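The data below hold one chain only, encoded as structure tokens and taken in the form predicted alone.
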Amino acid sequence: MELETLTVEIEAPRATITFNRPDKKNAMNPQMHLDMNTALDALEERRDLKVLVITGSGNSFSAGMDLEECFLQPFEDADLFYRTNLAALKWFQRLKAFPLVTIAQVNGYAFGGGFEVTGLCDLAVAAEDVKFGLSEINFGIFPAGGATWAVTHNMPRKQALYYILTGATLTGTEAAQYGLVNQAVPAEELEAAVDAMVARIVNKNPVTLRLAKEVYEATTTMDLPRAIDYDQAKLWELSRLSDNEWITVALKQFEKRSFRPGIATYSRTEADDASKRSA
């Protein structure tokens, strides 16, 4: 897919979006916001994808918003200012609820919007020497557009407020300690670490992956009785959408002792063969 500010690579069941403004440390300008919406539109239509990896070209993940193009230049035109920022807010919200499993592969610098994207993705791996930061306080505002939400929902209160209020930076190693990313690895091992994470996901049932995300998100605001009612309904939905695969394939394989669910996933090849036979 040819886009002005992104590269999009598809090797099903994985897709990779790379922020591609390396001369600007992948700062997010209005065109990038439009391109991200276009890319997410295209990927959401695909039925052969399970995982979306987001990373940055050059020596940065993303330095955040392009302050000149997103704020200074359109500031005097209220309509342009609104439309410019609406495109950003749209894809941030879409990313949070995206049906694929999303993984941030964080390299170099991740400030502001780059910090937010890391927090919005389901999973994240960072190079140990990455510099994360919320620098908004340094030019007189607070992290907005979902950035405060992202840090609040990924880090403990004291740490979240520290970085919001001081504008201090933290490394990838510290980000792993505080829960912003799942793991931090040496920069030269970053790609391999993400590949290993992807490999643990791509052999799973895609319907189950999507519904597992939905159940997690919905039940974070529910009490236990409501959460149980909701997840039981989702189990029925899963059974309907996957032709009871967890019973007819997975548990049948377990019954034959052909896999151990504590350490491995059942063979979906058998599931696909069964589906073809019934078609």
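Numbers follow the displayed sequence, beginning with 1. It should be emphasised that the depicted structure is a prediction, and the values quoted were computed from it without experimental measurement.
Beyond the structure shown, there is the form predicted together with a small molecule, which is absent from this document and is the topic of what follows.
When you look in the predicted bound form, the only residue of 208, 173, 148, 135 with a non-hydrogen atom within 4.5 Å of the small molecule is 135.
Of the listed positions (250, 51, 54, 63), a single one reaches within 4.5 angstroms of the small molecule by any non-hydrogen atom in the predicted bound form, namely 63. Interface membership of residue 27, defined by any non-hydrogen atom within 4.5 Å of the small molecule in the predicted bound form, is confirmed. Within this chain, residue 112 lines the site of the small molecule in the predicted bound form, having a heavy atom no more than 4.5 Å away. Residue contact with the small molecule in the predicted bound form: residue 9 places no heavy atom within 4.5 Å of it. The shortest heavy atom separation between residue 67 and the small molecule in the predicted bound form is within 4.5 Å.
Partner contact region in the predicted bound form: 103 to 111, out of 151 to 159, 103 to 111, 196 to 204, 183 to 191, criterion any non-hydrogen atom within 4.5 Å of the small molecule.
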